[in-house]
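As structure tokens, one chain now follows by itself in the form predicted alone.
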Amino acid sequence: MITLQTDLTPEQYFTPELMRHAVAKKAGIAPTDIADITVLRAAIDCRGRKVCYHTSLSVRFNGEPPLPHPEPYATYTDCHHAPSVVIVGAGPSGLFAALRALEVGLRPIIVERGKAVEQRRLDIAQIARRHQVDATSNWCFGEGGAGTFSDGKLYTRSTKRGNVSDVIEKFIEHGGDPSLRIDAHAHIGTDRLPAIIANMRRTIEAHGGEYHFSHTVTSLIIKNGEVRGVKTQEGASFEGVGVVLATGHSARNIYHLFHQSGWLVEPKAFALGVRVEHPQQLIDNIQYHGSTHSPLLPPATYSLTAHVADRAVFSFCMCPGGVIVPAATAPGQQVVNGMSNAARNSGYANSGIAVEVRPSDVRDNSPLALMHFQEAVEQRFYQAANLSVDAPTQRLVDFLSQRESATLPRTNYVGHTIAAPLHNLLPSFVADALRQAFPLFDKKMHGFVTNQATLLGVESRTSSPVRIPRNPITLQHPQLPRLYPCGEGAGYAGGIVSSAIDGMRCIDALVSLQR
């Protein structure tokens, strides 16, 4: 048995016999010598004129024994009578903290302001249908967090912080497709992710964990100088050996709680911009070098970055074959985000295009200054949408010319669009940076700037504008022992995988303290 790396055409990659001959040629053996081939890793490379798959393959020869069937990945302990740990938030950080707690013998008590994923779907449907935003159950709040209804991308650059494969295997264990192990840019799809999240809940409850939905944390329980639990708006109290605070990047009430209580919290750079949408076929033709690309190739993706006047502008959460959704978390806000189902077959490609926002960009020394800045922009877009969740929209070419669009093309926004001057609604430095960056993106992807492209706003929930500090070794808040600020909401992750890794790290840190 050998492992080899080779490039395959789409036809070779998807046709077993063609793959066998290509691998045999690469290895210098006869095709008949090969018993089977297992794809370990694959990534599309469209940088050259011929699109190919970079692959890592395991090749077993005739006469060699097959690999043993893998054992169940994780071992969960019955924790019905074990010490409890309180986990605030049921997003990726909270869920994976809970699963990790079961592995190390702690009973997770999950306190979530939103609803279970099944009920959450109903509340989300009302946002576009009735222009009603439930401040506790929406695209961001509820079981699974923002990622549940936002594509389910499972790739990260944060490999130094933990074991990415641990996260992937737990998703597979709870219903994810085994191909998630292979794809260098794995994604589950928002149509499949809710069932996986529900399966995780069943695992947690079966081993002694508890869920308390529709409970909004309002204060911490501190005993002998240590955080031991939380109190909620609904009058409940939950206690344990410590608290993992995994509330997500939109739980502004938590930031207010820290600031008002005099606990350390600090501004954190984030990014703000728009969501750009193109016909998917246009992106396919750009990335795959023409309309004659192989029909076997999936809807094309892209990743773009530029530096304009020493400020970063970049694509964010690119969704091939996706839709754009209203992602506000309270009345009076207009926010957009992107998602796609597993098939990625909507016919439209969308991506956030965001501009770096720094603490120095606001004239306010408050640790919540950037959060207030973020809120003000969202309220401005809400006003432009006539106090609704209609999406202010502008053609890309009109944005560059700083004129309002006379007509709008069809978009795949879940709701209505309304023509608006995004170049005036955005903060001036954001609009200026975008105007300079889009032509640079067009040089990298000729045809990106087109009358067929539309901008929808505002893309503002890219990451938290606030950081809740923690000790880099113990992961505890410097003023609040046994409190573990965690994930995107605390400013230590950016996406499903890195958030999940951070949740597991916080449990490991708590276990180390217990010893």
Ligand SMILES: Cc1cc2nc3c(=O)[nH]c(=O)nc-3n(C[C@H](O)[C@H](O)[C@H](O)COP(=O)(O)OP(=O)(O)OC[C@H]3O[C@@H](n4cnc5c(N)ncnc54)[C@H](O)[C@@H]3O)c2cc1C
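Numbers for residues come from their place in the sequence shown, where the first is 1. Just so you know, these numbers come straight off a predicted model, no measurement behind them.
FYI, the form predicted in complex with this ligand isn't displayed, but the following is about it.
Q | is_contact(Ser84, this ligand) in the model of the complex, heavy atom dist at most 4.5 Å | A | Because no heavy atom of Ser84 falls inside 4.5 Å of this ligand in the model of the complex, the answer is no.
Q. Using heavy atoms and a 4.5 Å limit, would one call Gly489 a contact residue for this ligand in the model of the complex?
A. Gly489: yes, in contact with this ligand in the model of the complex.
Q. Taking 4.5 angstroms as the cut-off for heavy atoms, does His423 touch this ligand in the model of the complex?
A. Taking the distances in the model of the complex, the answer for His423 is no, it never comes within 4.5 Å of this ligand.
Q) Is the gap between Gly273 and this ligand in the model of the complex 4.5 Å or less for some heavy atom pair? A) Outside the cut-off, so no.
Q. Since exactly one of Ser346, Asn253, Ser388, Thr301 fits, which has a heavy atom within 4.5 Å of this ligand in the model of the complex?
A. Looking at the other structure, the residue within range turns out to be Asn253.
Q | Partner-contacting position among Ile283, Met200, Ala354, Val325 - heavy atom within 4.5 Å of this ligand in the model of the complex | A | None of the others qualify; the residue that does is Val325.
Q) So which stretch, 359-367, 374-382, 87-95, 175-183, is the one near this ligand in the model of the complex (non-hydrogen atoms, 4.5 Å)? A) Careful reading of the contacts points to 87-95.
Q: Determine the residues of 168-191 with a heavy atom within 4.5 Å of this ligand in the model of the complex and present them in sequence order; the list may be empty.
A: Contacting residues: none.
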